[in-house]
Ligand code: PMV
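Below, in structure tokens: the form predicted alone, a single chain.
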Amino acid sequence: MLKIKSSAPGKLMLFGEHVVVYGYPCIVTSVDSRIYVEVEKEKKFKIDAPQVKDLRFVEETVKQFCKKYKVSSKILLKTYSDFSSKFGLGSSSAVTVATIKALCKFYKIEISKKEIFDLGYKVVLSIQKVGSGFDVASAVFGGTIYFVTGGKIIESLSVKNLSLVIGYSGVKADTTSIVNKIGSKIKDQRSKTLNIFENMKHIVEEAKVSLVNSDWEKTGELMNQNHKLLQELGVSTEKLDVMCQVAISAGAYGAKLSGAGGGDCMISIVPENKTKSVKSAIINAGGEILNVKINI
């Protein structure tokens, strides 16, 4: 029996959390942890996806794909994963994109990467109601990309030898509620919040240059600035702040939370000779090191 396999990577946000929801740019990189989808014919639609926390993303992807391309949904869809959904590495978007790619192979339908993004973004929005699509774009295009809300700009960046240490805080964040919290803050403190957004935009634009130029000290300085602005937005936590502080004290060029905040991960850009000490410092602060490769 014909079995088709496909996969998509997770992501890690480098710069521009939250502002990207409101039309501002961000920079995101893919990680080597992937979600794999396998499709074969079946008498009716079945899913075997024990690693997927929310099956709605698979179900909605199949529904929209089959409707759009007028193909049968009588398939068995299985998933396998390199990483846990608890880490905030974009598993929902990755499984959405991997499912689209697998269905394209299975039904021999050729579509562009941008078309995969558009369909994946539509699926994610139909479920989450909010979101910019950067995690979908990362799953589709891979590498490090400069991204503007809704895929208005998806630009691949040539970034080499970026050395990051990634720490997990031990707390799974509720991305949707945190994004909604920022939406409320815009209404209540509009001028202050928009000023933070503008400052973040400038940081993203500077980081776009420093990353391509391999200027790691500048990139680290920009990470520190970005983290302070996220603190002002109220999305950081004491644990994330401490993990960032100890990383810098141990020799990192800079550190910041990565993602929605309220938990999940922090990242630090580190000289290679300081990697071990930075990892130890984060562990001693109660963090867990995520050993994933980036810019894949």
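Position 1 is the first residue in the sequence shown; the rest follow in order. Everything numeric here is computed off the predicted structure, so don't read it as measured data.
Keep in mind that the form predicted in complex with the ligand is not shown, yet the notes after this line are about it.
K.L.:
Just to confirm, with a 4.5 Å cut-off on non-hydrogen atoms, which of Thr175, Ser81, Thr193, Ser210 contacts the ligand in the model of the complex?
P.N.:
Exactly one residue meets the criterion: Thr175.
K.L.:
By the heavy atom within 4.5 Å rule, which residue out of Val179, Ile75, Val148, Ile116 makes contact with the ligand in the model of the complex?
P.N.:
After the contact test, the surviving option is Val179.
K.L.:
Spell out, yes or no, whether the shortest heavy atom distance between Ala285 and the ligand in the model of the complex is within 4.5 Å.
P.N.:
Output for Ala285 is no: heavy atoms all beyond 4.5 Å of the ligand.
K.L.:
Please check if Ala260 has a heavy atom lying within 4.5 Å of any heavy atom of the ligand in the model of the complex.
P.N.:
So Ala260 counts as contacting the ligand.
K.L.:
Hey, in the model of the complex, is Gly131 touching the ligand, heavy atoms inside 4.5 Å?
P.N.:
Residue-level check for Gly131: yes, a contact with the ligand.
K.L.:
Please check if Ala281 has a heavy atom lying within 4.5 Å of any heavy atom of the ligand in the model of the complex.
P.N.:
Output for Ala281 is no: heavy atoms all beyond 4.5 Å of the ligand.
K.L.:
If we check the ligand in the model of the complex, which of the residues in 2 to 29 reach within 4.5 angstroms of it by a non-hydrogen atom?
P.N.:
Those in contact are Lys11, Met13, Glu17, His18, Val20, Val21.
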